[in-house]
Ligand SMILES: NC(=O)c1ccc[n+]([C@@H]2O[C@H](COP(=O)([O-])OP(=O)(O)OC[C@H]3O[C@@H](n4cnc5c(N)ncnc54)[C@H](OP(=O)(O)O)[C@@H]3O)[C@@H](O)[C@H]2O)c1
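In the block that follows, a single chain appears as structure tokens, in the form predicted on its own.
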């Protein structure tokens, strides 16, 4: 089979598609014939050697795939050859065939296509756990999503709206604001205005009668993090999802005291490793929301496997809207 192979960390354009041996399933494992592969920001960091979890070299990057089960190992009972599935891995999905533990494989609804199936994975799982577990969302609360036009940000918008939140999308252009509104946002604010420390809070206060928002799902980092923290309501919650700006923020603890607010982080892969049954339940819930028409994954770009670096360059150049897919 063909796969993207990383021999050394560094330039994300350095790896090449190579011929490698087909995977064989061991006990509790399956082999998936890939039809669509999700491209995610952590894939870039893994290749560069900047991510918190780095696989042994050589390796294929990629954390999610949809396709058809081709083979199963001993003890596999949930799926069988021919089943249409989506799978989540720590790495290994930039390939024509993907080996995965059965525990992280999710049978897809019949109406869900492969591209949407790959898109309705990591980003939506992240959004769900950020909102409901880490953010302790209660029906009817207000949610600010920063970086709301990217893959995870747009998923956060859709998931929050699906559960009844008033959603404010934080974006950097009217075009991105319109996209967020199309996917369920009630309002959008401009994160690129001068003096974000004041402008973000002012825009949020204008939409919330000066109350602030109950939850911030923060995807950007840097000064957007600090500014969004100031936009929280009393007893509000900040959930740190990612740092698309590549700038790690620092927080002054007195902010938490002044308004009884809290800040918490989300590392979604911990849920997958520690409690895969919980993740299975969440994925079933996401599929139900999709079937009810409340989630509509937006695939904005498709690339052949050989052009994986062109897809990753979109993250570097801050051009990502919705989800990008590799098609083997």
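Residue numbers count along the first chain shown, from 1. The structure presented is a predicted model; accordingly, all values stated were derived computationally and were not measured.
Note that the form predicted in complex with the ligand isn't included here; everything after this is about it.
Between 280-288, 294-302, 267-275, 25-33, the stretch whose residues reach within 4.5 angstroms of the ligand in the predicted bound form through a non-hydrogen atom is 267-275.
Looking at the ligand in the predicted bound form, residues 3, 87 and 308 place no heavy atom within 4.5 Å of it. Listed residues 119, 148, 217, 160 were compared with the ligand in the predicted bound form; 148 is the one with a heavy atom within 4.5 Å. Contact annotation: of the candidates 193, 166, 245, 208, the single residue with a non-hydrogen atom within 4.5 angstroms of the ligand in the predicted bound form is 245. When the ligand is considered in the predicted bound form, residue 59 lies well away from it, no heavy atom lying within 4.5 Å.
Taking the partner from the other structure, the ligand in the predicted bound form has a heavy atom within 4.5 Å of a heavy atom of residue 318. Interface residue remark: residue 172 is counted as part of the site for the ligand in the predicted bound form, having a heavy atom within 4.5 Å.
When the ligand is considered in the predicted bound form, residue 263 lies well away from it, no heavy atom lying within 4.5 Å.
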